[in-house]
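Here's a solo chain for you in structure tokens, the form predicted alone.
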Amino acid sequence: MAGSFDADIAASTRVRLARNYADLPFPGRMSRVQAKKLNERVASRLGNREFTRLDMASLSPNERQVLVERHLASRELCERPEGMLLLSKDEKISIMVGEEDHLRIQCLLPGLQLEEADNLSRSVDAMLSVDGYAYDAQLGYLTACPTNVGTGMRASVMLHLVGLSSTGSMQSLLETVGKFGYTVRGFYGEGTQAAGDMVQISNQVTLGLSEEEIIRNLGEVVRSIVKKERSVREAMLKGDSGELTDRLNRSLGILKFARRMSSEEMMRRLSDVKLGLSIGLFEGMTAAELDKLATLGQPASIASTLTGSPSSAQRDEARAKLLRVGLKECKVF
């Protein structure tokens, strides 16, 4: 089944294309009139294709943060009053308009689905390209940041690397993938830290390679990392004297019965439960369902379910309740 390959380790796939129109200045130099023209142009192209329009200026700070937590928009877009997001009904496609570039066309799919995400993002790209992109015959697509020039493509896979993290092997991974032109980023991308042992592996090079080569090469790198992670997990289980299984069971118990839970502890405990599911210690849930709980339990997402300006204690209580209900069917095998 598409996307099912090693889904316990490969949580999601993202392909993002950076594009700019030839007849408008880059967003950093656009006037408000030009920004409005850009928004209306893009909205008109996709207005009858079941996309929801979200103007950043009309959203509250918490509503914008929810989009960031769900990986549907970048912090940079949310900080731009003239910015706009077009979101498909199934949330697989999000188009950030007026961020660093005119367009950031993003496809986000569960599991390891690089080719599928590439095809979906290209289909949207074709619809929006009719107004003429800024393109150079030698350099490729022109972008605000030189590191995106060429294909304008950033492809990434979110991986749950609890084994490599637990055994202190993450640093060697960082050094190894860096030598081959890839980078490891945190849970929310560039400049963020890993949370719940979740990291993004993405390409650094956009110039000199075709889109097909970027997708193929990243797939090979990710599959090798997944193989290494699985090997480390098997070794951890084989050499376990009871300490590992005790830790995983404790995490499940705390998640199922705690009355208050911080987002940091939630991510740490859910990472343990995901590992427990992967090695057959627990049953009754999927890794994807745990990932959804992790998203719903983030600070802004929890706050959106409460009235007024909830305190941290109220958020922690609401998060704990969410987890108790969400993990009801997760049991020791």
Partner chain sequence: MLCDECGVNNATVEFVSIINGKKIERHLCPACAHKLGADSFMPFSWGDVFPTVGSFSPRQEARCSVCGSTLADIARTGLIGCAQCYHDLREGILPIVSRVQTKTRHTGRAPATFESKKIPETASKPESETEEARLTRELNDAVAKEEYERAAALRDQLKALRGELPNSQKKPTDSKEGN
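Positions refer to the first chain, counted from 1. What you are looking at is a predicted structure, and each value in this text was computed from that prediction instead of being measured.
Same protein, other form: the form predicted together with the partner chain, not shown, and the subject of what follows.
Of the residues 184, 226, 232, 254, just one reaches the partner chain in the predicted complex with a heavy atom at 4.5 Å or closer; this is 184. For residue 197, no non-hydrogen atom is located within 4.5 Å of the partner chain in the predicted complex, even though that partner is not displayed.
In the predicted complex, the partner chain sits within 4.5 Å of a heavy atom of residue 75. Shown alone here, residue 116 lies farther than 4.5 Å from the partner chain in the predicted complex, counting heavy atoms only.
With a 4.5 Å cutoff on heavy atoms, residue 219 does not count as touching the partner chain in the predicted complex; it lies far away. In summary, the region of this chain contacting the partner chain in the predicted complex, judged by heavy atoms within 4.5 Å and restricted to 81 to 89, 244 to 252, 143 to 151, 160 to 168, corresponds to 143 to 151.
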